[in-house]
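Only one chain is given next, in structure tokens, and it is the form predicted on its own.
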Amino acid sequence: MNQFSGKTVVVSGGAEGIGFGIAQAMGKQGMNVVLGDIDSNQLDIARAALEKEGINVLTVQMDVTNLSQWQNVADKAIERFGKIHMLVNNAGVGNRPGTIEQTDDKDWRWVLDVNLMGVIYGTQTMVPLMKQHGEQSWLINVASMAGMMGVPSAGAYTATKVAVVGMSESWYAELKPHNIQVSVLCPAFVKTRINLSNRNKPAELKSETESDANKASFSAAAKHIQKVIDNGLSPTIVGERVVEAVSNQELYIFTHPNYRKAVQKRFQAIDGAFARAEQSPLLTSVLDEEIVAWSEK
């Protein structure tokens, strides 16, 4: 029996894509699976697929931007399985590729609500329940390679994924004494429908019709992204990689090692900036100051 067997995982946005891949992989480890998703039809398909594999599964339709719906998921999960041991904050959306001028307030609000507040609401709801029983538990937040490096024409998406990485680092230290292991998944392109996220966008947050010039720009970018996604990694492999990394107690979970050099360039630039700061006569007074308010990772 492995450490996951008989325990319960809640996966937001779990009806397809990365969320389903993780749910399936954890289910194969013997976990009870609770899938939350805004798409009720896709939930039915996901439930049938997991049950066919002999996995205990509960599905609950939910909108991750609604805190009360998170509580409903928690209540139903505990009613069915008794305890919650793992939360996978997976639900996320990708807004239309666009420059600063092309990304309006409605685009920003929607992406922030789903990708950032959805993670916060899920964590606020589920972590206290994990603390109550005190058993080994896990918090897995799904960010993106965009959380490690800025992506042009994806400012809103990048902002939320950088935030998810930072929150995960903070919670890693905070929750370790409570027997809750935190990991953050940062994949590059995976075969999902995130590029079609607008299908679930609330009517009140849909933007005004763009100009013909903008439409052409969006269309060209959309075609390029579709091609890249079609060649992306399988969600099944991503799910298995998450099991592997969580079993090894990894904080950062990477699925695309080919991006290592690109990320290294960023950290080399950061290190270079520190080196230049050390040479500044303006900053000599702080060179030997003790570092405070930072925990070991």
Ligand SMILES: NC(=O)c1ccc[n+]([C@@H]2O[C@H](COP(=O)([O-])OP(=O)(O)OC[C@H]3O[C@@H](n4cnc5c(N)ncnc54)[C@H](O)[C@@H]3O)[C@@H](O)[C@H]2O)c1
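Counting begins at 1, following the sequence as shown. Predicted model only: the values in this text are computed from it and were never measured.
The discussion below concerns the form predicted in complex with the named molecule, not included here.
When contacts are judged by a 4.5 Å heavy atom cut-off, residue 122 does not count as touching the named molecule in the model of the complex.
The named molecule in the model of the complex comes within 4.5 Å of no heavy atom belonging to residue 250. Put simply, residue 25 is far from the named molecule in the model of the complex: not one heavy atom of it is within 4.5 Å. Within this chain, residue 199 lines the site of the named molecule in the model of the complex, having a heavy atom no more than 4.5 Å away.
The partner is absent here; in the model of the complex, the one residue of 126, 77, 93, 156 having a heavy atom within 4.5 Å of the named molecule is 93. Here is the short version: of 148, 73, 140, 143, the single residue with a heavy atom within 4.5 Å of the named molecule in the model of the complex is 143. For the named molecule in the model of the complex, the listed stretch (79-87, 168-176, 184-192, 131-139) containing residues with heavy atoms inside 4.5 Å is 184-192.
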